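Below, in structure tokens: the form predicted on its own, a single chain.
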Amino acid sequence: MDFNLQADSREISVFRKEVQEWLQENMRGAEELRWSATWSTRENEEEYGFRRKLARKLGGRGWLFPMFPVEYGGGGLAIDHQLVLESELDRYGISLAAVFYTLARIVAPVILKWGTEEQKRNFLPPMLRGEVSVWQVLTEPQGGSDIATCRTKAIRDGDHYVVNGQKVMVGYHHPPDFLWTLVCTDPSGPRHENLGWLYIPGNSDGITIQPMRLMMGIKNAVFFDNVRVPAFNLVGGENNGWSVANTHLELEHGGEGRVGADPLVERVVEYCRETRVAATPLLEDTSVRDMIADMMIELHVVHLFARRNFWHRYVREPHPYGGAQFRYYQRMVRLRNGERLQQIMGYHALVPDLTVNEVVDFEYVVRSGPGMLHGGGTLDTDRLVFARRVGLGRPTKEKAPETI
């Protein structure tokens, strides 16, 4: 891996200056906002509006999905340009993947790989321009992490599918424009050979969304009652949904990679420098310094795992177990960091601070530790994928699914 910028240095320098000036203009007012996390208990309409507007502006320049083809609304740029955009956005405490809450960052690559040319030209441009929000809709009440147990049925009726069923633990505060939905297209078919993916308009008749207020934030239950969806919206083919799901899950489970850093340690150091016990700053306590050092080391490892996966994805060399390895380690580090904060701060770690970015709000870090162990599959899911990819328990190793 080589993360040095490869394109002509003058070209990249000019592009970086362009991005810096553009962000300086378009991030005005952001300093008064305090970004919320992906699974958020904060409902800040002003922030949400700012993020949606920012996404449309980035999308209009092809910068929201900088490496996607221009004909679908992307920027047609190189990995060097993506790294510049990510690093400059990181200065504002945000990333391209989290400009606003939309799973388009996962759904768009899957459609680019599995969609027909006509589907790509219909579905991708609004996503890549930041004009629509998309929820991924997989989990069902009886299935948990085992999405192959899908019971939400989609039965073909002429030029439409009729969808009936229920999904849980999905979405965000605001209703979606589209639901990227795993369905059972052949209820009598064998497991893994009876699934499909439908791109369902969120305003379709028969869809009911009920909020689920959880420790980690607001999620939803979605009910489908005779929802009619054009057959054109089936991506990847009937009964081929498991192959499509492998691509989707590889991205969701860390295979996409990221390049942003975690700002938590910086705020912990600031807190320990300013907080005194018996007139002595906490930072002078050797046990506190040890815990901060452990946090710093482990977060740096998380960052390197993410960058490695990012690199492998974009040079088209899938890392067999990189996604599961990264995701498992990241979640365990988050859990350990919540425990460390409680050791350092005591009960103060349990007091929310609405004046800061939620991802560095100590109370949120503590609360999100156990909560994040279950989102997008459990730790057991990570371990199982990792074992299969390194060849444990089976005669042959499982290959990493291709993404883009």
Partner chain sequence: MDLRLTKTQNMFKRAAADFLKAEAPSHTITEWFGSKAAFLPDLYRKAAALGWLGMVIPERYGGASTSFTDCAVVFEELGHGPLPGPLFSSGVLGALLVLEGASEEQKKTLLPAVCSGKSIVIAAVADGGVDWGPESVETRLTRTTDHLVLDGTKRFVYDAEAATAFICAARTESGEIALVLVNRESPGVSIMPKAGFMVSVAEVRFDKVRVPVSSLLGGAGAGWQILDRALEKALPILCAYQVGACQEIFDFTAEYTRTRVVFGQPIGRFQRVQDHCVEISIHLDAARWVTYETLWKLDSGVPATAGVHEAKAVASEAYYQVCNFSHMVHAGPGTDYGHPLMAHSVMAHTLYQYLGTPLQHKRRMMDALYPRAGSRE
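Residue numbers count along the first chain shown, from 1. Treat the numbers as computed from the prediction; the structure is a model and nothing was measured.
Just so it is clear, the following notes concern the form predicted together with the partner chain, a form of the same protein that is not shown.
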Point to revise | One residue of Met295, Ile94, Met169, Val84 in contact with the partner chain, assessed in the predicted complex (non-hydrogen atom, 4.5 angstroms) | key: Met169
Check your understanding: Out of Ala55, Met345, Ala37, Val360, which one falls within 4.5 Å of the partner chain in the predicted complex, going by heavy atoms?
Key -> Met345
Review point. Is the gap between Met291 and the partner chain in the predicted complex 4.5 Å or less for some heavy atom pair?
Key: yes
Review point. Can Pro263 be called a contact residue for the partner chain in the predicted complex at 4.5 Å between heavy atoms?
Key: no
Point to revise | 4.5 angstroms heavy atom contact with the partner chain in the predicted complex for Thr208 | key: no
**Study point:** Touches the partner chain in the predicted complex: Glu270 (any heavy atom, 4.5 Å)
**Key:** no
**Study point:** Every residue of Val19, Gly130 and Gly158 near the partner chain in the predicted complex, heavy atom within 4.5 Å
**Key:** no
Revision key, fill the gap. Here the chain appears without its partner; judged in the predicted complex, the stretch of 26-34, 55-63, 42-50, 369-377 with heavy atoms within 4.5 Å of the partner chain is 369-377
Exercise for review: For the heavy atom contacts within 4.5 Å of the partner chain in the predicted complex, list the residues of 212-228 involved, in sequence order.
Suggested key: Met212, Arg213, Leu214, Met215
